[in-house]
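This document starts with one chain, in the form predicted alone, laid out as structure tokens.
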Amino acid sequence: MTPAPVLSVRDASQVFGADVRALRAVTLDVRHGETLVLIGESGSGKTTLLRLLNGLQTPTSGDVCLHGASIRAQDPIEIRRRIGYVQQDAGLLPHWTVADNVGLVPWLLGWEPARRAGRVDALLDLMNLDPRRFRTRYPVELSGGQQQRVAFARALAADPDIILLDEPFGALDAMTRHALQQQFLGLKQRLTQTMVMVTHDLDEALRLGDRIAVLKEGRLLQIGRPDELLRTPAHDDVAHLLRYRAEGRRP
């Protein structure tokens, strides 16, 4: 028997204002333990879709389900505490130390200080950030790559089932981005979380995603494994995107 999806999007549309259609009847499932990458040009709807998944927005029509239950029937604050989130600029609180930033959600959940401190140190170790060196530092004292690793540790702090990543490597230089992609691949082997990532970089999507969902103008064009997209693109725009990659150019 196929296990139920962790997240389900059912015929979801999102309209802003009178006529801005950010999403158009999108339907997809996110499977337990997979990394699903959402890719598309600017304005394709990928970030809007990500925001629907943790209740930051509610679809104009259709539905989003978390563990089989509509998010409309769930407490949005509770949903966001149960789902880790990593944004492009890390989003660390500047006047909080690394330890305080990583321990934010456990603190909100009322964890005892000793348990919280142990979790922070374990996650910093996981991110190759020596707790003795980094737990008392402030974000301004960190490089961009270090800030993103702290942001990822914060997303994992309360051991959520799901982690959402909004262009987590997009603001980094090429060498740092490649190094963090490699670390992410290593972490995937050790973690059980289901992850949904937004990117505009096709090479990144093909490297990091178990499956890739290609969006354009709010429509889902194709979803499948990287090899499926490369072998049998189901839409002219998907083929166009892949052709630019094969030619070493950006669309």
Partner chain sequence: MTGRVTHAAHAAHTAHHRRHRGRRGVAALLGLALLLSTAGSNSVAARDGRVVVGSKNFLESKLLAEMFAQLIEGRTDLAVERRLGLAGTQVCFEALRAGAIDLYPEYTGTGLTAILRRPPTGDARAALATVRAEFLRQWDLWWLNPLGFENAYALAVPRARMADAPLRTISDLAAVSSSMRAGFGYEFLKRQDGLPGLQTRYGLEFRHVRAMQQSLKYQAAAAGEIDVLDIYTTDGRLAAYDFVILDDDRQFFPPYDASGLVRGAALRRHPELGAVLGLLTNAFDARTMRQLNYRLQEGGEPVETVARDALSALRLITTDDAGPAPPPGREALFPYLWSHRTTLITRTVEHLALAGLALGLGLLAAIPLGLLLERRRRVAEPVIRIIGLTQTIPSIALLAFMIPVFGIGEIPAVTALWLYSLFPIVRNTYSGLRDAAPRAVESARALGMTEGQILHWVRLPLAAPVIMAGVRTAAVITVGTATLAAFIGAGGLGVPIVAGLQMADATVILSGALPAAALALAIDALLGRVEVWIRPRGLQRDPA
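Numbering follows the first chain given and starts at 1. On a predicted model such as this, the values are computed, not experimentally measured, just so you know.
The form predicted in complex with the partner chain is left out here; the points below concern that form.
Taken together, the three residues N54, R80 and D89 all come within 4.5 Å of the partner chain in the model of the complex, as judged by their closest heavy atom.
Taking the partner from elsewhere, E141 is found to have a heavy atom lying within 4.5 Å of the partner chain in the model of the complex. Among residues of the shown chain, P113 is one whose heavy atoms approach the partner chain to within 4.5 Å in the model of the complex. In the model of the complex, none of the heavy atoms of A122 sits within 4.5 Å of a heavy atom of the partner chain. Residue contact check for L104: one or more of its heavy atoms lie within 4.5 Å of the partner chain in the model of the complex.
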